[in-house]
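A single chain, nothing else alongside it, follows as structure tokens in the form predicted on its own.
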């Protein structure tokens, strides 16, 4: 449930309400907006009596949240969540444009790709150092050496970096280098991993599982939020259906669906969703038009030599053309793309 305080509550009142919640054995989560201050109450609501909380002076209303995800819900946080990663904002009209190779393969090729996607307008650099592959014989990534290369590229080109973490035991290591943790589709319901990244202050890019419902995605986000990490970005990357013309089936309905239920920003990954470079530009444009808070695209200078997912990568000039189109679309929709140096480009 949530406790809605009367306008302009004093710090003493907020502290008192939090103390009462904790004394009753529940966990408080404070959310202060422009117009309202609310406190989420996390725990078994069947054991919580509303009357004692309603009786506190300064409490305007006590409202139960019927959705199983509490902190991710619009009831808990009515406005879109907006947060910043090294000058790059996401949510509330700010578009996060993530681009880079599927895997970090070596210094020269990574620096080449990073320079080209940055020049095209990407504001976050992606690259996998640990790769979850269907086959154990496929390239598994460079590990910490890949993280070091990705960090060096991010610093050289002034871009925050996002990379995948696959195991709770990797969180501390990946956290030394990454600006954003990526939790992949295969790990969306790895609850131990979600709790570990939730204990950090590092933003989390949470990808939708191959067969996950919107509710299940939001429940996974709740695991991260419940540990105190409020900076979660949802990601649609396609779901598994009977269709075999594409790698997965891109479900763009999730964008307005999730936004209607949750305040968390959501981006779309048309690369993994379609697996086809010829479809990526159209699906990226459609994602932004549907209200997505960003686009996640794989780019490689020589896809035929890529060690991972080369067939679904755009060439740098194709990505530059796509970014030109997305900037025009953003202008029509009144959205913003923050430059990686932290300078906002109003489209």
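Here the structure is a predicted model, which is why all the values come from computation and not from measurement. Positions refer to the first chain, counted from 1.
This protein has a second form, the form predicted in complex with phosphoenolpyruvate, left out of what is shown; the following refers to that one.
- With the partner omitted here, the stretch from 61-69, 279-287, 318-326, 296-304 that lies within 4.5 Å of phosphoenolpyruvate by heavy atoms in the model of the complex is 296-304.
- Each of 182, 237 and 272 is positioned with at least one heavy atom within 4.5 Å of phosphoenolpyruvate in the model of the complex.
- Shown alone here, residue 105 lies farther than 4.5 Å from phosphoenolpyruvate in the model of the complex, counting heavy atoms only.
- In the model of the complex, residue 207 approaches phosphoenolpyruvate with a heavy atom inside 4.5 Å.
- Among heavy atoms of residue 164, some come within 4.5 Å of phosphoenolpyruvate in the model of the complex.
- At the 4.5 Å threshold, heavy atoms of residue 215 stay clear of phosphoenolpyruvate in the model of the complex, well away from it.
- Checked against phosphoenolpyruvate in the model of the complex, the residues 169, 156, 199, 186 give one hit for a heavy atom within 4.5 Å, which is 186.
- A heavy atom within 4.5 Å of phosphoenolpyruvate in the model of the complex is found for one listed residue only; from 118, 131, 89, 77, this is 131.
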